[in-house]
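Consider the single chain below, provided in structure tokens and representing the form predicted on its own.
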């Protein structure tokens, strides 16, 4: 096979793309990845990893400042913005280097540049055509500004929010979904004044209201100013600040961080010429094997329907790679993709909320159990969170679960596993959990469905 011919070309080196490429190479396909920026994509370099690095520092700083009641007295604790920024960059660079090593280990070729599809479904990069047996599109998404505004030095997207050149005195965050909540949670603990504005009626608007209330209470205790049911309007950026209106209030802040909508990054790809169809929302239509309307092109991640989550993209990348290699396909079950928001407290969920279950015609049984009911809640100061289960009453199958607490994102996989195995709350209620751990709240939540939680 010539140097410009490959069994599979993956366009985009983010989570969906690099995982797809590695899996394809493992299955014996001669594989290339086209990347115009950095391998690891937005998640590793500009979103998930930088965000969680910053959030970890916020957690350590908050504990250091407020640990006297734990017997840890400190004086003069302060945030070193340059050291934090350097660490954020070092973590991403280290992981990017690791992906490069995995590519070399698996014999994957990296092609640098901007890719587009030819009408035949091959890949053109900066004027050179590479022949492909199969193609996987994994180019992710791009941020959209608030209508009537443009991104600038003072109106920034989420990456701009995580990479500010100095610690701001005051910021506003437009959008209280996962990204906006994480930014607000980090900056308030850094010592920055934060205004968090959400158009819908509560923070984390796609999450269960019971969960959102816990987060909103905590944010307010931390000092976040929250405005819900109001859009951000009349944005006027200046040289050193930006003014804005939200509801009946106005503010002048150092930066406005827009943590709202995103759209698929498809403009350079030439999808129409390659015969690739989009759905009514502008996402690429795919089948269970991630195959598009072009029989040699697959698509994964933010390009396709479903939640815009890195782990969803990774699993779809596995499916697409295995399909391209002629392997049996195990489609991604969208109902079992967990979500995770790494604010303080964290929020994680899987499956249906109580309201969604009712909308689907179920009459679900539900149970809520506070993390403070188990011993570890007091030990680890995680008393305010909850575990909530949504159960089909006919056979006891768990159809949804929500967790809010300091380590909620590490707790949700247990519930995903039970649901994937079509387990019921009855089985979960009999599974021994180690003591003392926060996970015991999951056990008691399962018992609470039938009213016999032992620590309620």
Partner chain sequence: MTDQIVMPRLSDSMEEGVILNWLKEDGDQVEVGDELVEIETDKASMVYESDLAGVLEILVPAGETRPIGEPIATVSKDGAHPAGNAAPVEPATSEPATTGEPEAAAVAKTAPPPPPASAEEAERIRISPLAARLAREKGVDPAGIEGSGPNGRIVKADVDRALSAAAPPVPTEPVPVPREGEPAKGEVTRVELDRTQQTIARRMAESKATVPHFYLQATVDMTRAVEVREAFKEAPEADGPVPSLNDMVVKAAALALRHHPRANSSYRDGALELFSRINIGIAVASNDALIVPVISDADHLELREIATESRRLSERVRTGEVTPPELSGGTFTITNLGMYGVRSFDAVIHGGQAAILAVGEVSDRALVRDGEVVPAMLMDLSLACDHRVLYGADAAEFLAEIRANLEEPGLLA
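Numbering follows the first chain given and starts at 1. These figures come from a predicted structure and were not determined experimentally.
Although it is not shown, the form predicted in complex with its partner chain is what the next lines describe.
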Considering only heavy atoms, tell me if residue 421 and its partner chain come within 4.5 Å of each other in the predicted bound form.
yes
Mark residue 426 yes when one of its heavy atoms lies within 4.5 Å of a heavy atom of its partner chain in the predicted bound form, and no otherwise.
yes
Partner proximity in the predicted bound form: residue 63 to its partner chain, non-hydrogen atom cutoff 4.5 Å:
no
Heavy atom of residue 397 within 4.5 Å of its partner chain in the predicted bound form:
yes
Among 49-57, 404-412, 63-71, 426-434, which stretch sits within 4.5 Å of its partner chain in the predicted bound form, heavy atoms only?
426-434
